[in-house]
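One chain follows as structure tokens, the form predicted alone.
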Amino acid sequence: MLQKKIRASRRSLGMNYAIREVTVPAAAAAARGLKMYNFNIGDPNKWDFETPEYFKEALRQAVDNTDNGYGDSQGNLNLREAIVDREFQKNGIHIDSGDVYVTSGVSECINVMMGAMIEPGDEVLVPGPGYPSYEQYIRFYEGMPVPYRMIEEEDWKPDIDMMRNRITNRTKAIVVINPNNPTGAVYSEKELRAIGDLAAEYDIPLISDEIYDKIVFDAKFFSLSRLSSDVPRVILNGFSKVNLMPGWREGYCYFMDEKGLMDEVRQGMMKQFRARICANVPCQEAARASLQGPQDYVVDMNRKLKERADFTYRRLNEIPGISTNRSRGALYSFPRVELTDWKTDKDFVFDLINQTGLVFVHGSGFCQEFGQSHFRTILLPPMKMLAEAYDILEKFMRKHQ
């Protein structure tokens, strides 16, 4: 009997997550014996940042002393209440624990939200460049991501005029990522209020990714949770970056929607949360402890990151064919590169990996329209390794000038 191949869905084959796509040529380069500089993933724990000990102890205690059975599909109430308290402390806003949903990292929240919101042909405005999971999941559910430009010449500020011009009757939401991945931009209160005014004018919900909210230097963070109540919005956050527990996979979102425009979306999300049962229960206890204990480690983390951001800005701008803006927050810089010997930024990144072991992410992986001729690097490695890597990059660029 002739065996027939089982074909994968075109949705799944269409997924293309650039940040980990570069690990394929990187693995081949490592197998050849090259020393690797893996500057592609924003994982603080791979460098000299460590999960605070009291977070770890809370997890140990949770495994020993709490019910290790299934938890609430929406998220355990004590964690949701801690999130309510923390959001008040950070942003002075009042939300209810019933508006909070705990997820397995922000990535699950993006997936579930787009699954609940998108019908084929629907459009979602996304920052260009922006974190690629938004575009990937919008496309997975047969929607259309519509990028709006981040203006590089103006410190990567959002182009609100373009945002307005790209709204159509199919626009379901506007995504804002602040502090921004991949550019390191931090948007001003004036810019964010203008986005809020636009959303209120068209009754379009905002999806605000604020996972880097406390990783800010040379700027002041303003949360979209502080907008007036006539703006429907969902705020996304998590524990991977600020709380230094990326592998524990804990995230959350909360709704601020007094008009009830997103009631059905909430129902659709909750149905999916029930189907996936619950987020990791012991890690929810540790996440709760991380919100309620000392936060002094954040000060030390930002001090190190600012020093590395300043060095990255200065050093990259010394290299022929490379220029970059100063990073104001998050974990990244998004330099422009002159493509002298390469057709695309992806060719540049792959050539760099194969020849030197330096692993960056091609800018077009963050937006085909507005990310080309760039690459993303990280601010996380210690100064000595940053200096070593950028010396290698300079030699590579001089060879190709």
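Position 1 is the first residue in the sequence shown; the rest follow in order. Because the structure is a prediction, the values reported are computed rather than measured.
Heads up, the form predicted in complex with a small molecule isn't pictured, but that's what we're talking about next.
- A single residue from the set 204, 242, 106, 256 has any heavy atom within 4.5 angstroms of the small molecule in the predicted complex; that residue is 106.
- This chain is displayed alone, yet in the predicted complex one of 79, 234, 177, 286 has a heavy atom within 4.5 Å of the small molecule; that residue is 177.
- Across the proposed site, 181, 212 and 249 without exception bring a heavy atom within 4.5 Å of the small molecule in the predicted complex.
- Of the candidate stretches 89 to 97, 224 to 232, 141 to 149, 106 to 114, only 106 to 114 contains residues with a heavy atom within 4.5 Å of the small molecule in the predicted complex.
- For residue 297, no non-hydrogen atom is located within 4.5 Å of the small molecule in the predicted complex, even though that partner is not displayed.
- Taking non-hydrogen atoms only, residue 332 approaches the small molecule to within 4.5 angstroms in the predicted complex.
- By the criterion of a heavy atom within 4.5 Å, residue 273 is excluded from the residues contacting the small molecule in the predicted complex.
- The small molecule in the predicted complex is approached by residue 131, whose closest heavy atom lies within 4.5 angstroms of it.
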